[in-house]
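Read the single chain below, which is given as structure tokens and is the form predicted on its own.
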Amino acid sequence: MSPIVTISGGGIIGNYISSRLNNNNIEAIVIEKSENISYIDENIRTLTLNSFSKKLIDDLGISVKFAEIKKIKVFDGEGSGKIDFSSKEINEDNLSYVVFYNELQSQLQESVLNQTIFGNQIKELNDDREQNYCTVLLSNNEEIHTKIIAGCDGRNSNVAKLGLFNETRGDYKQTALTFTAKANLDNINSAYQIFSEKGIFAIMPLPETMGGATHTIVWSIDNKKLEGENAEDYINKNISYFENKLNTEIKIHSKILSFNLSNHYFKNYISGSSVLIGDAAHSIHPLAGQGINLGFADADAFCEEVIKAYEMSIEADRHLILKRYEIRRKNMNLLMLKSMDFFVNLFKSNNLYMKLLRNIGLSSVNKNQFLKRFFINHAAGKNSL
């Protein structure tokens, strides 16, 4: 077997890359360690796609249910600072789209079933720089000869370990709780984000469901506040604070999922024939919901470089392909990570002067149309390279 691209990891980003490249007559296979296709269980976890990411999956013919977000309202629960974003300010129909993670993953996985090797993972990489290919040894001892190995296998990437990439990690010392809920908010197409001493609370509309849930909630809480009590107890004790802020009753509709929050990034995205993409290369705080969108922007840039190179030459220079991808994405991703870290530190501070600063800052941005459009365009994916 000699595909042009061998992808480690059959998640959303890996499957997207395989589907897009194969649609352009560039053979790309997926190596997935799970035994078979993952079927939808209970829809709890959601993703917020910006317009750029949604267009990428639309262009593949992937169709999933989604909820439209036309307005985003951000405010400091401890003060008066606030900022409102509207799709009208950038002449777009919507700012973003909420989809169920399981539904998008299943649709993408179905699209590349014939290009997926299940129940395997890469255990050894042997680069032959002179011959411009790499020999990949799988856990079942099968060998694959390939030009490029794409690590799309998450923040504990096996490709990153085998390629001896240099990683930097950080710990937010927070836990994210996510669940679906029933709420009667005035505007069904609005998302709300509240910064407070009780955590960073985001509530967004859900795609239509059979069970009657209307919203998804992502609540990031300092670990110290969760010491000695389970997540459900903490939510039941503190959710009334956000009900009062939003003037609505919020009823928990699903089980509660929890994730420890940390970040990571790599000094380099490429090593020999290996390249890191999406969560394998970087991860950030979920407060702006941009993690998946950075992954899609990575995937788009990578696919563009591969397709462009193979349209020009059958023996494309893989090092040039990977270097162009790295140049396009590495600094942009690092800037986003540092920006998220700044906002997390700013809004978790209990210092009186920091509280005053963030209130003034939010209100000032809200009055400045140039800055508002810049932030909205960035969140919508209109500033992608």
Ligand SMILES: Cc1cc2nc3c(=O)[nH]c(=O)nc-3n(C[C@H](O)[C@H](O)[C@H](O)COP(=O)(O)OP(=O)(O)OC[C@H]3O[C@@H](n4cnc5c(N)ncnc54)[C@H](O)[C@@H]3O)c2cc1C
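As the structure is a prediction and not an experimental result, all values here were calculated from the model. Numbers follow the displayed sequence, beginning with 1.
Keep in mind that the form predicted together with the named molecule is not shown, yet the notes after this line are about it.
- Site residues I13, Q121 and D279 are all in contact with the named molecule in the predicted complex, judged by any heavy atom within 4.5 Å.
- By the criterion of a heavy atom within 4.5 Å, D300 is excluded from the residues contacting the named molecule in the predicted complex.
- Among residues of the shown chain, N333 is not one whose heavy atoms approach the named molecule to within 4.5 Å in the predicted complex.
- For G272, no non-hydrogen atom is located within 4.5 Å of the named molecule in the predicted complex, even though that partner is not displayed.
- At least one heavy atom of Y101 is located within 4.5 Å of the named molecule in the predicted complex.
- None of 291 to 299, 230 to 238, 85 to 93, 141 to 149 except one has non-hydrogen atoms within 4.5 angstroms of the named molecule in the predicted complex; the exception is 291 to 299.
- Of the residues V218, A160, I72, V112, just one reaches the named molecule in the predicted complex with a heavy atom at 4.5 Å or closer; this is V218.
- Think of it this way: in the predicted complex, the named molecule has a heavy atom of just one of L246, A176, A181, A309 within 4.5 Å, and the residue is A176.
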